[in-house]
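Next up: a single chain in structure tokens, the form predicted alone.
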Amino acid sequence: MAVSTVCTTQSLNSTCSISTPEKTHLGFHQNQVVFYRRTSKRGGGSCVITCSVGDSQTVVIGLAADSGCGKSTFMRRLTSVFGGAAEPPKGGNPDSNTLISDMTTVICLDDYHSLDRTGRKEKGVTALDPRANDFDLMYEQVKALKSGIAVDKPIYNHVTGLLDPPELIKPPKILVIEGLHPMFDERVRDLLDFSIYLDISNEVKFAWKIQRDMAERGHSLESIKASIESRKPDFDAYIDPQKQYADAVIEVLPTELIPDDNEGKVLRVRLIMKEGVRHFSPVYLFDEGSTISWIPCGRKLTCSYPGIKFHYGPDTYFGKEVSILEMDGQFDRLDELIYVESHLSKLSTKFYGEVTQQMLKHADFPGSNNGTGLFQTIVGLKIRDLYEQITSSKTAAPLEATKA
């Protein structure tokens, strides 16, 4: 939050600053500081006023994916890594999309829709279309939160399809912006300290969306199919291209272990990690930089048909150097995951077996028996490490300046 510090000297008999909170037209709160300095002719001291904004050192993470691609599950895994239950703002709108825990605040970028459901229908646009979203407000408010300034963020009500009155969001230690467009606008993209894209194949996406929208939102199968078809052109134009900017991509594909598989229950998942990202070191299997295929099934890992296969190696992705860790298949017993974990390096764990512990803690989450849950957990631990590196470097900078 904005903080002003006023220092007075004995020679001054006046107030040196007046700080008044004021809300701007863009929905964020700022402090207007009015001050003056007076120096005594008799050699007295001068009034020194300092004002600091953003000392909360908010780290901003962006998560992009299409609707129904596992963003909510990923957010639950991520917030769990930092501790504390993620809950909607207390005493606020019961239909709020925001989740707040001890260290994190997760904002759904659907809240920056500039058109409600009826408005989009009237104009013939989908929620994926940039014309249905307010990127200026998104940028200004994310920038304000990153700078330590609270904002009055709008709310898009997924139940009614209406734009509800705004809610006050205070700057957290870690701000996660998740939704369709966190990397679409270059201004917002430049504010991100780390970015992730969930890339779900069409076959897997269809199965996931049916499960979520039918079970949780009461949509019919016909309406879901129609929604997917109507959204595809805009997805290809505005959402999918964002993956080229991501620091990490979790790609979910049908298995290659079962020939001509049509059920989609067994998945092949790839963790694509960009090289050269500050505060981020890609995870590797056995030997960093080598190309390795590994079938771990045997005495130390229970595997039913079709088994499990890992692959790791260097590659290129949109012209950038990356490391890719792949898992095809699923675990029969999560407690045996420790065997796989012991062969992975640069996991950014605090202790031996932390990945396995996190997976067991959320064994009921979707994807906990395959690579989606494993790689989401690993990325969560890497984000924790990134946050600690960023905050420690910010703390060290003023100390180094003082010594100089």
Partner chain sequence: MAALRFNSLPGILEMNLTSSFSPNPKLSFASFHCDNKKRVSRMVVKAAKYKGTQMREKKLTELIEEKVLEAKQVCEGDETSDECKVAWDEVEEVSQAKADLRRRLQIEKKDPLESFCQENPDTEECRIYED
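Numbering follows the first chain given and starts at 1. What you see is a predicted model; the values in this text were computed from it and never measured. So that the term is clear: the rigid core is the largest set of C-alpha atoms that superpose within 1.5 Å between two forms.
We do not show the form predicted in complex with its partner chain, though everything after this point is about it.
Site residues 94, 231 and 353 are all in contact with its partner chain in the predicted bound form, judged by any heavy atom within 4.5 Å. Proximity of residue 127 to its partner chain in the predicted bound form falls within the 4.5 Å heavy atom cutoff. Looking at residue 152, you'd find every heavy atom of it more than 4.5 angstroms from its partner chain in the predicted bound form. Although the partner is absent here, residue 219 lies within 4.5 Å of its partner chain in the predicted bound form, judged by heavy atoms. Of the heavy atoms in residue 213, some are within 4.5 Å of its partner chain in the predicted bound form.
For the options 278, 187, 320, 158, the residue carrying a heavy atom within 4.5 angstroms of its partner chain in the predicted bound form is 158.
For the residues 241, 88, 307, 289, the 4.5 Å heavy atom test against its partner chain in the predicted bound form is passed only by 88. The stretch in contact with its partner chain in the predicted bound form, judged by heavy atoms within 4.5 Å, is 326-334, chosen from 245-253, 189-197, 267-275, 326-334.
In the predicted bound form, the residues of 357-388 lying within 4.5 Å of its partner chain by at least one heavy atom are, in order, 357, 360, 363, 364, 368, 369.
A movement of the C-alpha atom of residue 293 falling short of 2 angstroms is seen between the shown form and the other one when the two forms are aligned on their rigid core. Once both forms are fitted on their rigid core, the CA atom of residue 191 lies less than 2 Å apart between the shown form and the other one. Relative to the superposed core, residue 336 undergoes a C-alpha shift of no less than 2 Å between the shown form and the other one.
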